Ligand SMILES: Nc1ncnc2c1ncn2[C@@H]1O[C@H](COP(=O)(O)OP(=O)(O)O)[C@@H](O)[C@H]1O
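One chain follows as structure tokens, the form predicted alone.
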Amino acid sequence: MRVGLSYNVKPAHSPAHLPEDAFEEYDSEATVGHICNALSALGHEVVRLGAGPGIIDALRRHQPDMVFNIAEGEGGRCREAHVPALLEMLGIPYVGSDPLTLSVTLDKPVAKRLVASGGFPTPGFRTFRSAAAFSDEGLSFPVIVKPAFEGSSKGVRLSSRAATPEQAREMVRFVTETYHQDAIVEEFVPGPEVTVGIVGNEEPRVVGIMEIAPKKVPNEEFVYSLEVKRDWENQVEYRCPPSFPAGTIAEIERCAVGIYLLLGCRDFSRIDFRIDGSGVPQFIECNPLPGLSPGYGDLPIMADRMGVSYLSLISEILSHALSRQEVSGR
């Protein structure tokens, strides 16, 4: 089978007028190479499609039977939906979630409202378009201030955790003026941070649950920020599986699978929680385009620690997509 890979690669240099993390969501050339090698090892002919406007000509030229999509897109809160929407219009099967799911999950306030409507716990929040519009009414402190529609910890710094309304207002100013979008101000959950990897469709399977345990600060002060992710080997310990009580593990799995289905995720995704003082997993965000870099991406790390090789993980993701769309794996 001819499998096209759609992706965005981090540029060698970021323009000076953009934030330092402007391309944080994009993949490295090494990650693209790992996925291509895995697909080739599974017996498929692999063609690189890239993303952006150039992908239109690439699709016409290569005519793939299936597209393995990891493209983050460019510009706006619907950017992750660009490639899947194009593929649907052209009638080309692809791996991963559809345009609607990719759009609503990137927009954190929209995702949280949907998750809350389904009865799953998520921290209280408000959104603001400017520092002047900020109000602490209805919020319990501390809070964490983030861009409304970014991933990969873009716009999340160690200073994003605000203990006072004054600190929160300044972080709202930073987010709205730097990233030119609303800031979400979310009540900070002081317990452990966990991420859950899931694959599948009608009956999703939890690949693993991983605690991101800080090495240098207590959980009640820990922010999984840009600074931490760029120095993760020194800053955090990945515990997979975590040593939580059986009841907490079961509830994390219940919430993760329920939210996966509620948001319409397909084939693979990663869902993040913070565990509150009562042991309740509070939904933070869903990432239906999780990083697939072996040894660095959370999903491959979880799979590896649960005894699933990188090749097996890529094979399972592709198999779910093929089965869902009844495409031959010839």
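All residue numbers refer to positions in the sequence shown, first residue = 1. Keep in mind it's a predicted model, so treat the numbers as computed, not measured.
As for the form predicted in complex with the named molecule, it is not shown, yet the points below apply to it.
Proximity to the named molecule in the predicted bound form, taken as a non-hydrogen atom within 4.5 angstroms, holds for one residue of Lys146, Arg169, Arg126, His82, which is Lys146.
Note on the partner interface in the predicted bound form: the residue among Val104, Leu87, Val189, Val207 having a heavy atom within 4.5 angstroms of the named molecule is Val189.
Judged against the named molecule in the predicted bound form with a 4.5 angstroms heavy atom cut-off, the residues Glu211, Glu251 and Met302 are out of contact without exception. The candidate stretches are 181-189, 130-138, 256-264, 232-240, and the one lying within 4.5 Å of the named molecule in the predicted bound form by heavy atoms is 181-189.
The closest non-hydrogen atom of Tyr224 lies within 4.5 Å of the named molecule in the predicted bound form. Using a 4.5 angstroms limit between non-hydrogen atoms, Asp65 is distant from the named molecule in the predicted bound form. Contact check for Ser153: a non-hydrogen atom falls within 4.5 Å of the named molecule in the predicted bound form.
Interface residue remark: His34 is not counted as part of the site for the named molecule in the predicted bound form, having no heavy atom within 4.5 Å.
Looking at 95-119, the one residue that comes within 4.5 Å of the named molecule in the predicted bound form, counting any heavy atom, is Lys108.
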